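A lone chain, given as structure tokens: the form predicted alone.
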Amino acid sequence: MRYELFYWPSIQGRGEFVRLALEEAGAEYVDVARASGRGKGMPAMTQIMEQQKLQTRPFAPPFLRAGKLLIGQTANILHYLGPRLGLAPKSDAGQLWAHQLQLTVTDFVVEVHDTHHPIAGSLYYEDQKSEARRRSKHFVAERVPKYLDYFEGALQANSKGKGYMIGRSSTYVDLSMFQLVAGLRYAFPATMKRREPFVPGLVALHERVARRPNVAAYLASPRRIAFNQHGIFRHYPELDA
């Protein structure tokens, strides 16, 4: 199937978790807002979001068009794509566990975002610097260890796997762990330098995913948008205390 991914064209953001899955699987897809031509670009994305009579109209990007389906929310998209791309367990229990882990990733990503926008997304970072410093102080001291230790524990508890989060082979959750580590290294390098010795499994998983042929090719290509100060993972030195 040829998929169409709809997400903002200049940031990795939440859409990157979906991009990584599509790239790892070698799936045929179009990153619609980044493409040019008829039915492409930002107008194509906003047109769907503004169709009030569309019953399955998504609340916000990312969303995916797969045939007649229009699927929103990152974890929901990956729950759909995983079995179809060979990136999810075959059992119902395994797929639910993968979905549960991905939903926890979603929770963590919200907290990452709120370190630099703790008051309102409509305000600039410069309008909420003092609140961001206060929020980030608790984030790096409490939330980063809590989430990373949880994921490390889930990884170590997978007795069937060889360094994978679920089962004996790679799933979309492993790709999401890679993105979390990469994003946190960019946004909070000092914090990650302190925390990585406590999560060796996640660090090794990040390196293993980065070496996978399709992922490595993607990372080296212009399709991989660089981290920047407009996405979820932003580096403000004053927040990385």
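All of these numbers come straight from a predicted model, not from anything done at the bench. Each residue number is its position in the shown sequence, starting from 1.
Omitted here: the form predicted in complex with another copy of the chain. The next part is about that form.
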Would you check, heavy atoms only and a 4.5 Å threshold, whether H116 touches another copy of the chain in the predicted complex?
-> no
Though only this chain appears here, would L54 touch another copy of the chain in the predicted complex if you measure heavy atom gaps against 4.5 Å?
-> yes
Examine P58 and determine whether its closest non-hydrogen atom to another copy of the chain in the predicted complex is within 4.5 angstroms.
-> yes
Would K90 count as a contact of another copy of the chain in the predicted complex, using a 4.5 angstroms cut-off between non-hydrogen atoms?
-> no
Select, from the options 45 to 53, 174 to 182, 187 to 195, 209 to 217, the stretch whose residues sit within 4.5 angstroms of another copy of the chain in the predicted complex by heavy atom distance.
-> 45 to 53
H79, R134 and Y147 all contacting another copy of the chain in the predicted complex, non-hydrogen atom within 4.5 Å | yes
Sequence-ordered list of residues in 80 to 117 near another copy of the chain in the predicted complex, where near means a heavy atom within 4.5 Å = Y80, A93, L96, W97, H99, Q100, L103, T104, D107, V110, D114, H117
